[in-house]
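Form predicted on its own, single chain, as structure tokens, below.
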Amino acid sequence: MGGARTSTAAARWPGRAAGLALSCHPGPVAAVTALACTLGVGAGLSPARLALVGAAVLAGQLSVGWCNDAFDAGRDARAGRRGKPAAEGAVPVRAVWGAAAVALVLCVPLSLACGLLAGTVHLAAVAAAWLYNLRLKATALSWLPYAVGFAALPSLVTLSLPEAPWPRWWAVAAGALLGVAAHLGDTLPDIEEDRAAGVRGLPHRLGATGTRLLLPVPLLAATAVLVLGPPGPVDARSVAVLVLAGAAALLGPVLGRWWRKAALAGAVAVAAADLVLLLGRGTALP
């Protein structure tokens, strides 16, 4: 009997492991971690410090993703949402909560190892993301943790440098605006499903049409800040990026009438252009 139970548990393990991996929201986790590491390379972090920053961000994002799925498991199950392992029973909710707690505990020393100020800023951003999961996701302030989290990334990177300088204002402002845009764009395709699950964040209150029309505003503002904010003359390449970003941001909502994810695709294109601008000024961040 004991051997049979062991075999059954072993057979379930790959499915549970896959469910746990999918419960962390692997796409956003990988994207934010890659963004932090890319900014670190642009700012000139040493390999050791870059690894610390990447590990801290990865642990923080894993904790946030697992917390999100564990907390929403009951609501997702009642709404019949697909692609949610905890809600579908592919992995126990208790296991997802446990993974979130372990990742959060690991995030603390990893963040502080980047420097006291750097670690404090990053932990504040992670705390804001947990607050989003546990409370703000269903309120009109749902955009705020995203703004805080994205604004914190340039700060984490520059404060991890040996001199621990604060980042330039335009890097922080652009990060916050891109965070708002990320929230709107990420929520847009699932607004109706989220509403059915009882979520009432800012995009859900605006509705699909209102969110689609608002999305270009923070995208264009972030691009303008990155182009006009840094000192010195604005070169033709930056102006071209601003014009193309404006076209993509405005075209997305228009095409959204025929293609459900057009606005999100436009947002991704503008965010990529903004990242190129930001990386082009990597050494000027502090």
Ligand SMILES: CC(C)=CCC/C(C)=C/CC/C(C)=C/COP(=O)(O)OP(=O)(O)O
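Just count from 1 along the sequence shown to find any residue number. As the structure is a computational prediction, the values presented were derived from the model and not from experiment.
Missing here is the form predicted in complex with this ligand; even so, the following discussion is about that form.
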- Item | One residue of L45, A248, A70, V32 in contact with this ligand, assessed in the predicted complex (non-hydrogen atom, 4.5 angstroms) | V32
- Just one stretch in 149 to 157, 109 to 117, 210 to 218, 163 to 171 has heavy atoms within 4.5 Å of this ligand in the predicted complex, so which one is it? 149 to 157
- Query: Counting only non-hydrogen atoms and a 4.5 angstroms cut-off, does A86 reach this ligand in the predicted complex?
  - Reply: no
- Query: Heavy atoms within 4.5 Å of this ligand in the predicted complex: does Q61 have any?
  - Reply: yes
- Message: Considering non-hydrogen atoms and a 4.5 Å limit, does this ligand approach G40 in the predicted complex?
- Response: no
- Query: Quick one: is A129 in contact with this ligand in the predicted complex, heavy atoms, 4.5 Å cut-off?
  - Reply: yes
